[in-house]
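Read on for two forms of one protein chain; each stands alone as structure tokens, with the labels structure 1 and structure 2.
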Structure 1
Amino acid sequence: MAKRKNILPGFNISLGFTLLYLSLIVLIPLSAAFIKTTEISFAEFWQIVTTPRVVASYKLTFGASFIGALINAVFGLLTAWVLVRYTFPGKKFIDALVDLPFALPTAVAGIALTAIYANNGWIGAWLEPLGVKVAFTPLGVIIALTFIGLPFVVRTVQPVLEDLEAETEEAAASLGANRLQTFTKIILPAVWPALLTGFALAFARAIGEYGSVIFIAGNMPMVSEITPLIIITKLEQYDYVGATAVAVVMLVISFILLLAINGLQWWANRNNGAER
């Protein structure tokens, strides 16, 4: 049997270039952050990263990112379903609109969201009499992070739904399954790995978001101040070690959370393959 020839160079060369590229772009810069923190003792490091102001920013950043990604997982799946399963006027326009957070500069998004949700904004003016304050609150942070994370879920789930033939749902209905059973037994298992991937991407994107958040957050310490802003503030004060220490904590927590999500995705893919 003739040996199959690959279009790209062999495994050793390809792997070498891959490791070199990842080292230059990812590993070396991240390693530099850890090396920078060795300039201080562990006691000083712990004191920097556990101050009440920094801890409050952790809670807001990771909490708002998780909530925003969770909202996008639900409504991103619904949006992808509508774009795949239905034909209606303006479908291509709405499909292109989903990618707007990708193309829109984050500062522009932040200014636009602030103008809309401020007390005198288009939506904020209606919410203010109801006692709902969005701009300059943690709720505004969640809305901003939801805005920038939606395309990650839609574009991840959409190809899977396109490959999932409608005849499968019709066959389930013909066998007596109701809509809920069809969704939970047929659709959800098929899109679950992609949905988890979209959730992880939206969550990771939200953790590091800065431009679209600082305008609508108000940046009040202990209330609506995100961790990336604290890092920027320390850099502006020439506190490079302090900024690096906070960045390392963000890096470690993000890595652990993404590792857990990827493990869950691997488990979902394994179970999905076993069922087939």
Structure 2
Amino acid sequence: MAKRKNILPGFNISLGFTLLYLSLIVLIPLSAAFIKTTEISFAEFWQIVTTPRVVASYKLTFGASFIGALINAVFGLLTAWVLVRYTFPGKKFIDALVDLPFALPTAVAGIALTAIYANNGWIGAWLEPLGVKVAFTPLGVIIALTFIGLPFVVRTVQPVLEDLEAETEEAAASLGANRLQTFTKIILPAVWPALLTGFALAFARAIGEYGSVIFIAGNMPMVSEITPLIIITKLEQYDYVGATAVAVVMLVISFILLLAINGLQWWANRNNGAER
């Protein structure tokens, strides 16, 4: 006797369509990248992905992404705190504007940041006499990656701060803790998983970023050339194997990050209690 296991209708069709669409759009195309690399031996693969120019691009991409995410962790936590705890004029407007880097096309962000930080730009002109060059240097890459990662930490930390009960802070105060102690011993541990998740999301996003970076970076080999640009350059030279080899390295790292972020979110949810 065939049992109806699912009471609500539509399981087969919805799961079937989901899997088909996922396979056609994402899984099969992604697997093409891995299959492409089987055209070369592992030694050749290794040689391609470890040439000095490529290695220099990893260092820049990961280093700048890390610093950008770090800046966002600090200022994102601060921004979330200010938005949740304080009132000031224009707060709702600021809150809405935090998502600008999600909404603004990356190419637009790229040329805008370049215009600001070029040596005749609004900020670049001030920095020039101090001997600080931003545009067309690794510093410019960090600025662009900070911009595109800005909302992540704010938006992961904000709801956790909102849900913190005032009572636990009152309890800490009644037990004799000062405000700084309450912050470091009560509040910070509570938002820590969210903060780490936000950091990881910003970092993951920054690694793959292309549009906002290429305008401000200057794209000098060995100095300010990011890994996604290496892939594009190889493609334009019809070096599909080379482009794919570098892409596979980035894909593997991205997948590991994705798993790490999933783990972090699981941990964050567990820490926030199971009442939801």
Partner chain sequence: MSGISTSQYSHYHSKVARNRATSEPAWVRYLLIGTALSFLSLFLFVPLAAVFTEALRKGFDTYVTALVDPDALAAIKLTFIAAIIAVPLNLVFGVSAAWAITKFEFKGKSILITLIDLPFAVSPVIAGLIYVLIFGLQGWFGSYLVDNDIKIIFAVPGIVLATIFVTFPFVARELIPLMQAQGKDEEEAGLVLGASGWQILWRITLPNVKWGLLYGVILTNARAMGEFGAVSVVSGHIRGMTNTMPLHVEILYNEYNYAAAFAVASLLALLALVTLALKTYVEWHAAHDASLAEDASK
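Residue positions are counted from 1 along structure 1's sequence. In this text, rigid core is short for the largest set of C-alphas that superpose within 1.5 Å between two forms. None of the values given here were measured: they were computed from a predicted structure.
*Choose between structure 1 and structure 2: indicate the form predicted alone.*
Answer to the question: structure 1 is the form predicted alone, whereas structure 2 comes from elsewhere.
*Cα of residue 130 displaced 2 Å or more between the two structures, core superposed?*
Moves: no, less than 2 Å.
_CA of residue 188, rigid core aligned, shift of 2 Å or more between the two structures_ = Shift at residue 188: below 2 Å after core fit.
*Does the distance between the two CA positions of residue 52 reach 2 Å or more between the two structures, the core being superposed?*
Where the cores coincide, residue 52 shows only a C-alpha shift between the two structures that is less than 2 Å.
_Core-aligned Cα shift of residue 31 between the two structures, given in Å_ = Shift of residue 31 at C-alpha, rigid core superposed: 2.9 Å.
*Just grab the Cα shift of residue 262 between the two structures for me, core aligned, in angstrom.*
C-alpha shift for residue 262: 6.1 Å.
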